[in-house]
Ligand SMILES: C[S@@+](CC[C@H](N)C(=O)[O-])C[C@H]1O[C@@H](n2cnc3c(N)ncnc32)[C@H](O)[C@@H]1O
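First comes one chain, alone, set out as structure tokens in the form predicted on its own.
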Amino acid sequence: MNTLVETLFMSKGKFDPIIPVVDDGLIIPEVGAWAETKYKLLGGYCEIFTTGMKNLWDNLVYVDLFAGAGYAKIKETNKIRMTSALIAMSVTHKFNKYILCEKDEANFNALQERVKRHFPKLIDKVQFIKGDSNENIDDICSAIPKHSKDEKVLRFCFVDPFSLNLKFKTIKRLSQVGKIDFLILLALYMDANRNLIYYINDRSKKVEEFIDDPNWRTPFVNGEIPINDFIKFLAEKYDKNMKSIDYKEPVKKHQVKIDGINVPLYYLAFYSKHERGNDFYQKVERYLSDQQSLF
């Protein structure tokens, strides 16, 4: 086991991404127990990212495109946990800036209140952006500090949509701000597989925008690709798109399933332009994961 990962997650008093909280009267969305796997991987990567990079870069930036309310209730246990944005703010070595984006008004307001309550010393480092991240992408990019001869900037973006409501053009636009790694939830089962019949209808543009391909239906209609390979098709297409903007192909995609019944829900895919990013994520994934890879 890698010494740095052991130090971060095994030593007494070190960072634990599963952070319990109590009901504060604000909105608390419900999630399945599987969400804790996502929190572990996100928090683990944020911890190793900031610890490993703090002395090499002047400015570390965290971007959360679907930040939610900051809290979530685990349906199976009724336990309440901090979610992505607050987990990223809880790491041992803090990011220098946090850009937190959320469309839902109740979630957005709750997130602001919780950030202020839990992290008053970090509030000056936080920028909240309300609205659809696909539509607000120019504002988000403008908020991200730029690399200069006087300041080296490294960014990490967590992307956690509940469906395929993520346009690839949004990721492509973000990639143009400079060095930025992505951890992306690909809702290939919880949305794509369940709604294939609807999406194959040419009135829906959701898949087209997700993989930036208006002709994606053609191989399925022509019988070149079996319908049963829809998930594999989307996953490989997404990797190809990321490679087209100079990202390395992920070593593996982390499959998250419904506990106890072996039903897959989504994949977490990490994309970096640098081998060190992939190395960090692999080490955290191997240490924290008991799930299966995609292929």
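Keep in mind that this is a model prediction, so the values were computed, not measured. Numbering starts at 1 and follows the sequence shown.
From this point on, the text means the form predicted together with this ligand, which you will not see here.
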T83, D104 and N134 each touching this ligand in the predicted bound form (heavy atom, 4.5 Å):
yes
Of 126 to 134, 142 to 150, 213 to 221, 91 to 99, which is the one stretch near this ligand in the predicted bound form, taking non-hydrogen atoms within 4.5 angstroms as near?
126 to 134
Any non-hydrogen atom of F270 within 4.5 angstroms of this ligand in the predicted bound form:
no
Do F158 and this ligand come within 4.5 Å of each other in the predicted bound form, heavy atoms counted?
yes
With the partner left out here, check for me: in the predicted bound form, does some heavy atom of A67 sit within 4.5 Å of this ligand?
yes
Contact of Y198 with this ligand in the predicted bound form (heavy atom, 4.5 Å):
no
